[in-house]
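Below you'll find only one chain, the form predicted alone, shown as structure tokens.
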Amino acid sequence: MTCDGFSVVRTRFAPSPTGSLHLGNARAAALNWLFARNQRGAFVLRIDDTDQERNVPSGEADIIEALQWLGLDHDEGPDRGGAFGPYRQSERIERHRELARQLLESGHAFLCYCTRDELQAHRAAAIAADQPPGHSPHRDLSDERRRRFEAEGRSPAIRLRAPGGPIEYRDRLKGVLSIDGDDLGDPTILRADGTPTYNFASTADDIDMRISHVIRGVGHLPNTPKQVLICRALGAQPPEFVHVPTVLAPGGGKLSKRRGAASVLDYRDRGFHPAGVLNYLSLLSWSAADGTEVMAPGELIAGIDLDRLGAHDPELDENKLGWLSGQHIRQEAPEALAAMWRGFGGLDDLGLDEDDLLRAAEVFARRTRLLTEAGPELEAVFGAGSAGCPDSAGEREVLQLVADAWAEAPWRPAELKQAMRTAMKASPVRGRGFFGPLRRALTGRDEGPDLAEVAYALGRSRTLRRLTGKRS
């Protein structure tokens, strides 16, 4: 079996559908997607679902939904097919069994009839003798012993015949690594019940799907020598392995549900901007040469460089994530931002039409980090009954001066601000004495956004009505 030199870059993300996609796994998906897009290659989604007992019914759908929200579109996968499917590992078991039989026939694998107790005893004896666990005692069974085991009703597993001596393999970030074959032992590739092990199924699928680069967390590094041996036994070229540092919980330690391991969809529901989350996931791994931090997806694709991947385990920082979310909200086109705001609901009671929402999106985007924060911001400006009544004739005069100035002004924030300052020059009061009654009339509050921007967002008719109590 051969693999043809990887003329095209093909990366894969192969999660198990055992729960929601969290930021650590999403970081790996982002790197694979960015590199594939940078190299004009293919990004493959494969669902490694052979652990049926741990799979959850909605696992696959939740993973796909999270990837779509992040903008990580896959070229091949269980939901869209492709030339190298099927893309659910559970649907490829017959292929795994076929390859295991090929390895038996070629002598690269052997039948092992050891029971669990016998294997444990073998390992314990080796350790007691200060020796490596070594290889299976069934590597070279005679036909007679094999027939005896089968007569006892034993079902054999299939093990890879690992060589003795050093086994070298390469990681893009760590260079050439080595492990002694006697320490590695003979990896099981097919269990006695006929199901493939993770390392065998994953490697076989990577070969069949022409995967050129395996970019994943450093926790998978111990699997790599086994996978390299499987590739070589099958006559295939191993992919390039890139093991990235582990994302830690805030303050260090393993991510957990109580320490930062929220699912990607939780961040969506809390109102984080998807491009901001993708931006943050990228910065957990690499940085731009010029130090730029805020990057749109297209800029991330252009800038991704595997040789700039960091060597240290980054800690999850939600403050940084929120800041990046806010930066991407600021950069969003008003029409797109207005649609995002509506997606979170809670605005229907404000009586806003599309023009109202577009104006608000133009001027209030920079005041929020999360999309869910738009509701309270808009409620403070547009909320029914928010306008306050003037307390004196002097305050009524201020409101009338501004109303007259704004009645004829072009309805843009800069022009409204200039007209307001011109009105103040004609008023006997300055500063808070001028702006205070104006703000209370428009919003019913003593503090808030820039008044010209408030007026612009409210619109001419609504603004003049709040200043004069009359319909304009």
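One rule holds for the numbers: they count along the sequence shown, beginning at 1. Everything quoted here is computed from the prediction, not taken from an experiment.
Only in words, not in the display: the form predicted in complex with a small molecule, which the text now covers.
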Quiz item: in the predicted bound form, do Y198, S202 and R216 all reach within 4.5 Å of the small molecule through at least one heavy atom apiece?
Solution: yes
Exercise. With heavy atoms only and a cut-off of 4.5 Å, decide whether L464 touches the small molecule in the predicted bound form.
Key: no
Quiz prompt | is_contact(P15, the small molecule) in the predicted bound form, heavy atom dist at most 4.5 Å | solution = yes
Quiz item: Does D62 reach the small molecule in the predicted bound form, with heavy atoms at most 4.5 Å apart?
Solution: no
Quiz item: Does any heavy atom of H220 come within 4.5 Å of a heavy atom of the small molecule in the predicted bound form?
Solution: yes
